[in-house]
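One chain is shown next in structure tokens, namely the form predicted alone.
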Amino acid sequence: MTSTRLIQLSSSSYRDYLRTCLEDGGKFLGLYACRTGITCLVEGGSGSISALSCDTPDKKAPSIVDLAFNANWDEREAHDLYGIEFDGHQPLRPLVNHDSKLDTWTVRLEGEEPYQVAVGPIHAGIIESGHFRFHVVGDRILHLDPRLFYKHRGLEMAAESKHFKEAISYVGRACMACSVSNTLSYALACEDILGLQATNELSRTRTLLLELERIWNHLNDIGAVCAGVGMAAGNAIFGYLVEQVRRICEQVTGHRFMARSIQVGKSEIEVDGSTVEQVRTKLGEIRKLFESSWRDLVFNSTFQDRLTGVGIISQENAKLYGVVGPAGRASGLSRDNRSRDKSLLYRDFEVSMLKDPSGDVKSRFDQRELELNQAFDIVSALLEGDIASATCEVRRGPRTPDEQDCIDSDNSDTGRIGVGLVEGPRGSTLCAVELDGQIIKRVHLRSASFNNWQALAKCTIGNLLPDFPLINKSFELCYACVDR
């Protein structure tokens, strides 16, 4: 990953600069606020990342939702947490701040036939809180207002003033299902600032953990779709497979969700060759059972009929909403961070795409099967010989590799910003870190779930209300990742 470029802009030049970046092929990655202003992150066509920083002494900034529509939630969150008013963002509905008045956060629909159905925030399953306000006529959904952030924990603010090695634990607590993705994006952001480059062995370990996380999440997501149509047998067998992979995760890292397995600048995971071979054999058995179970689903016409033509998000809308991960690829967007990642071992990686992606539940379902087989191949190739502890090496800066590791030294790059991008199971996860010496000045985690929730609400429009659980499970987004 190249170093993040910090660009200081005035409120009057901020929009114009961003517009130029986007017209030149740039991609909006996220926006966050701090006590002194806002920062907009943009990826250039070459993969370089720029941080457009804009001070807001009067707590006002121009809105960019007309330039980057998927900045909608970013601006609403910045308004709720830091009081930033975004001129042109009307109405600026609350996102994190909740009150009992429906008119403040829902869209008003008028007429004699439309009515509302409220689902949540407490659900029957073991999941986090989320409220879905459906506007319907009969069983047909006209509009959906999702309301999340019920258990917002303030993890980002809690990490401020902590040493960067300590702050990773706050990022890790955001979500156990995305533990590796979130903490790895944080570690890469810190290493971006410190001028560190992972050695081959460290990259190998991190890639292995990330792909193990992808495998169990994709297996879980396929089982969830089975549950969404009431197919208990499919849900049960894939639940069993998830459990087996989580046990492998525990065998490799000491934790079923691989918590605390990622550290800044190093890895302390050590697994001897015989255990690695056991893991490889077990994963081979899991893959065989997955393949036979998948065939059972493919040739079950009743099951397949429930998936086709439901919850469609077109390629145009997927691009507008910035949909990432398997959901984006199922709508024809070929972006996958692994194809350009230089910090992990994805050599000769090619993005897996369906021949004819249609953006419906079936496409999202089938996309995961493609990516599961790819993940199994990657993990199998990485499971060769011992897994040893490893460290980073210095990539730039005044110190040479044989000098004292800069992780344990004073950081001379004060006031710098670093960004880490990771292709997690649900898509692109971003973490931005600002350091003052070795102390966290600001950390911002923007998960794939945060990005895709808006698209989920969009693709439910026009569908039947009883199909929503199926559409929801085809995205299988995290509540906890936005409750950070």
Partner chain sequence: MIILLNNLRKIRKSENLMRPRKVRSLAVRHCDGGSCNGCEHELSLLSSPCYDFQRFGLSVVASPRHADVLVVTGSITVAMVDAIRRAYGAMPEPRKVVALGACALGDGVLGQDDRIIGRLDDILPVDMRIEGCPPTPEQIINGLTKLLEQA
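Positions refer to the first chain, counted from 1. This structure is a prediction, so every number in the text was calculated from the model and none was measured.
The form predicted in complex with the partner chain exists for this protein as well; it is not shown, and the discussion that follows is about that form.
Of the stretches 335-343, 103-111, 215-223, 320-328, only 215-223 has residues with a heavy atom within 4.5 Å of the partner chain in the predicted complex. Note on contacts: among 372, 84, 175, 190, the single residue with a heavy atom within 4.5 Å of the partner chain in the predicted complex is 175. Think of it this way: in the predicted complex, the partner chain has a heavy atom of just one of 287, 143, 165, 152 within 4.5 Å, and the residue is 152. Residues 129, 170 and 243 are all found to lie within 4.5 Å of the partner chain in the predicted complex, as judged by heavy atom distances. Within this chain, residue 228 is remote from the site of the partner chain in the predicted complex, having no heavy atom within 4.5 Å. Using a 4.5 angstroms threshold between heavy atoms, residue 296 counts as touching the partner chain in the predicted complex.
Remark: residue 349 does not count among the residues lining the partner chain in the predicted complex, judged by a heavy atom distance of 4.5 Å or less. Shown alone here, residue 263 lies farther than 4.5 Å from the partner chain in the predicted complex, counting heavy atoms only.
Annotation for 97-134: interface residues with the partner chain in the predicted complex are 97, 98, 121, 122, 123, 124, 125, 126, 127, 128, 129 [heavy atom within 4.5 Å].
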